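As C-alpha cells, the next two blocks hold two forms of the same chain, structure 1 and structure 2.
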Structure 1
Amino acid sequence: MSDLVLTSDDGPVRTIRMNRPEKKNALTMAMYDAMAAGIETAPAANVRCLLIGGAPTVFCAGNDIGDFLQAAMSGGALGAPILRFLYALARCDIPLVAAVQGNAVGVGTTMLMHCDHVVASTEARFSTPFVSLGLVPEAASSLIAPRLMGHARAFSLLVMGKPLPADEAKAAGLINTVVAADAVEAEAMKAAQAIAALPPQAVLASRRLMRGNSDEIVARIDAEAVEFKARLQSAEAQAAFTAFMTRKR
C-alpha cells in the first residue's frame, strides 16, 4: 500500500489513516486505492470496526486537483480508484468510525456520510465546493445527505457550498460527537472499541437493516459519476478549474 495511507490493526479495530499532511491530505489515485484495499481486506482479518483518520491539523482537503484532472482527462469520470473507494464504502458491512481534526473538504466530507460514528474537533469545518467548480456532488451524497439532514441543510451544504462548523454539523446529524482537538483520536478509538466489543452478527444484521440495500447507494454513485463526467467537460467547469488553478499558483 502507499505510505501516504497507513493501515494498522489493533485487535478487532483497523485504522486507515490518510498520511499526507503537507498537502492537507489531498487524495491521489494511489491513496484512493490504498484506502479501498484497507476496507476490502478487513473481513478476512476479522476486523469488527474500521476507523478512518487524518492528520492532527487536517482531515482531508478533497482531491489532489492535478492528479484528479490527469485521471479525468484519461477518460474516467471520477477515475477508477475513486469509484473503487466509493464502492468499498457503500458495500462495507463493517461499522465505520471517523476521527476528524481540522477541515474536511469535498470527499473529505462526503465519505463521512457512509460512517456510523464520527468524532470531530471543535475546530473542524465541513464543506463541499462541487457546484462552485461547475460539478455535482459525489459519493452518493445527493441521496444520503437529504435523508441525513433534510433537503434544506443538504442544499446549503452540497449546492450552495456553505461550510458547516462542527456544532452545526452535529446538529445536522453529520457527526456524532464534538471534542477538543487533542481528544479526537482517543474518543474515536474508544467508540470503535465499544462497537467492536458488541456481538458482531447482531451488529451486522442491525446495520444492514438501518442502511438498507447498498445497491441503491451504488446506483446513485454511478448516476453521479455519469453527470460528473458530463459536467467536467462543460464550459462552466473548465472556466472554474482554470480560475482555481490560476488562483492556486
Structure 2
Amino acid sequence: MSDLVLTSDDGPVRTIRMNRPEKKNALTMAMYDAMAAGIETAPAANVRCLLIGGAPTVFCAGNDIGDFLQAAMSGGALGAPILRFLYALARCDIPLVAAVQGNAVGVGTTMLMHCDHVVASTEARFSTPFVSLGLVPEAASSLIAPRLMGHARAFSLLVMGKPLPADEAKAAGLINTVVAADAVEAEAMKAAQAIAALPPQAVLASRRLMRGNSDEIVARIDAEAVEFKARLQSAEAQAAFTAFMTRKR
C-alpha cells in the first residue's frame, strides 16, 4: 500500500487518509488503488465504519491532471484504478464518514456523495470543474447530485462549476456538520465511533434499504466513464489540462 494513502484501524473504525499534501492530495492511480483496497478489505477486518480524511489544509484537489493529460495523449480512458475506487464506493456496505478541511475538488467532492456523514470546516469549499476542463461529471454524481440537491443546484455545481462554500453545501444536503477547522477530525471520529457502536446488522440493513440498488449507481459510473473517455480525447480537454500544467504563478 502506498504511503500517499495512510490506512489505519482504531477498533472498529478504519481511517483512509489521502496523504499527498504537496500536490493538494491530487489522486494518482496508486492512490485510487490504495483507497479502493482500504474499502474492499474492511468487511474481513470487522470494520464497522470507514472514515475518509485528507490533510489539514486540503481534502483533495481531484484527479491528478498530469495523469489526465497522459491518458488523453495515449488515447486512454478513465484508468482501471479510478473505476476500482468508484465501484468500491458504490458497492461498499459499511457506513462512510468523511472529514473535510479546505478544498474538495472534482472526485474530492463527488466521493462525498457516497458518504453517509460528512463533517467539514467552516472554510471548506466544494467544487467540480469538470465541464470547464472539457469533461463530464463522474462517480455517478450525474445521478446522485440531482437527487440530493435538486436539478438546479446540481447543474450549478456540476455543469456551471460554481463552488459551494461549507454553509451552502450543508443547505444542499451534501454535508452534515460545519465546525472550526481544528475540530473537524475529532468531530468526524466521534460520528464514526457512534455509528460503529450501533448494532451492526441493523446499521447494514438500514443503510442498504436507504441506498437502494447499487447496480443503478454502478451502471451510471459506467455510462459516465464512456462519455468521460470521449471527452478526454477532445481538443478542449487537452487544452485545459495543458493550461493547468503549464500555468505561471
Ligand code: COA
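Please note that residue numbering is based on structure 1, beginning with 1 at the start of its sequence. Computed from a predicted structure; not experimentally measured. Basically, rigid core = biggest C-alpha set you can superpose within 1.5 Å across the two forms.
Novice: Does structure 1 or structure 2 depict the form predicted on its own?
Specialist: Form predicted on its own: structure 1.
Novice: Would the C-alpha of residue 225 be classed as shifted by 2 Å or more between structure 1 and structure 2 after rigid-core alignment?
Specialist: Residue 225 C-alpha, core-superposed: shift of less than 2 Å.
Novice: For residue 13, is the C-alpha shift between structure 1 and structure 2 2 Å or more after core superposition?
Specialist: No; that C-alpha moves by less than 2 Å between structure 1 and structure 2.
Novice: Could you state, for a rigid core superposition, the Cα shift of residue 242 between structure 1 and structure 2 in Å?
Specialist: For residue 242, the C-alpha ends up 3.1 Å from its position in the other form.
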